[in-house]
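We begin with a single chain expressed as structure tokens, specifically the form predicted on its own.
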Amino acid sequence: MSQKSDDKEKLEGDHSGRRDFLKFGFLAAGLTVVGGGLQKVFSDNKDSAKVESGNKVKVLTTDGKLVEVDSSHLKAHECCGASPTDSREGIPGKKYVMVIDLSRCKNALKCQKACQKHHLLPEQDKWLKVFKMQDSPEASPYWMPKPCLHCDKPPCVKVCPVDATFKRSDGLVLIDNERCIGCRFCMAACPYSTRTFNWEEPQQPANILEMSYSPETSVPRKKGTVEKCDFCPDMLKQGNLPHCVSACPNGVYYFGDANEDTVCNGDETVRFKQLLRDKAGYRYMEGLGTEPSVYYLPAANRLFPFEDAEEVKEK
């Protein structure tokens, strides 16, 4: 058997295990409340025998639904979101990368909606934007998703006067909003305009406000601070894909570890370097020297004909 066949079987085996793990993780976390520091989950049958306190609390389930329960039916549960100090340590041995295949994108916006839901973002604050692009009047337009590019040489980190924006050893660039003073120097320094600012007090459920803040979950959100795409480090710790990747119905996003040379879009696992070579991968505004961790594949041999945003929404 050739080396190429061995690699293919290994990747398919890894992919099968990943899919099973993702399914198990989703079911096991079905009632867990999203948040940092501490999470609250429904108590077991023994605890449910407690006398109700009459104090109703709104909690957020992982499927994005707000439910109201008596506080006696809740219990503390340790969350995977690390403290602001521990969040600065990357996952050992990892170098996370994302590849976005523009030929697969039809502006379904499932990725954007998943990001909004899981990070408790309002409609006007989008960490992941999808732009209509057209390289020339003669060329056909296409859709281009743009998250934070998690640069290897991030200018945002260099200009922050309080070390609120930092880069981890695993390639992720995060923000500690307990340190952020809202100067917005990082927003001015970012050439990709991927950051947003909390001008108003964020609307969050009461149980979220009681959580301990973690840069790995980005909640509770804070007024007067900067936010951005974080690649969902709390999900990565559990061996899961970022929410945008798993939510995309067309396999637009590949995410993985450059050190292992593998990336996965939820349906297939492929070699990272081979994917870039075979499909002419490139980095957005490469000449700036920021060395992004996000790569793009050109919009060639598209899976879908281009449709205007309004036409897509009507379907």
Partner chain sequence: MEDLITPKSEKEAIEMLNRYNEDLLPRKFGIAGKLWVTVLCIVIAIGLYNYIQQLRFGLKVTGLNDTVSWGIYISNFVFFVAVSLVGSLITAVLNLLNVNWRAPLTRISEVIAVSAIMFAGLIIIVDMGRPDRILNMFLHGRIQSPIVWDVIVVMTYMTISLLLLYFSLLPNIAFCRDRLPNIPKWQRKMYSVLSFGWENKPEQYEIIKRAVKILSVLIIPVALSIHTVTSWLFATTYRPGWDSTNFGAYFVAGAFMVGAAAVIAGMSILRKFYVHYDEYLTDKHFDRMGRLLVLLSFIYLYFTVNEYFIPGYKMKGDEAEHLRELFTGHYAPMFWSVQIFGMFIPIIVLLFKKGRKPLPIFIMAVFVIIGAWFKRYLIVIPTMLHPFLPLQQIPEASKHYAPTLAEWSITGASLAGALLVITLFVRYFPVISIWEIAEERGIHSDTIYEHLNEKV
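Positions refer to the first chain, counted from 1. Keep in mind that this is a model prediction, so the values were computed, not measured.
The same protein also has a form predicted in complex with its partner chain, omitted here; what follows describes it.
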Heavy atoms within 4.5 Å of its partner chain in the predicted bound form: does Val162 have any?
yes
Taking the shortest heavy atom distance, is Glu178 within 4.5 Å of its partner chain in the predicted bound form?
yes
Applying a 4.5 Å heavy atom distance criterion, does Thr225 contact its partner chain in the predicted bound form?
yes
Look up in the predicted bound form whether Ala280 has a non-hydrogen atom within 4.5 angstroms of its partner chain, and give yes or no.
no
Are all three residues Arg104, Ser218 and Ser246 in contact with its partner chain in the predicted bound form, where contact means a non-hydrogen atom within 4.5 Å?
no
Exactly one residue in Val99, Leu109, Cys115, Ile208 has a non-hydrogen atom within 4.5 Å of its partner chain in the predicted bound form; which is it?
Leu109
Just give me the residues of 175 to 191, first to last, that have a heavy atom within 4.5 Å of its partner chain in the predicted bound form.
Asn177, Glu178, Arg179, Cys180, Ile181, Gly182, Cys183, Arg184, Phe185, Met187, Ala188, Ala189, Cys190, Pro191
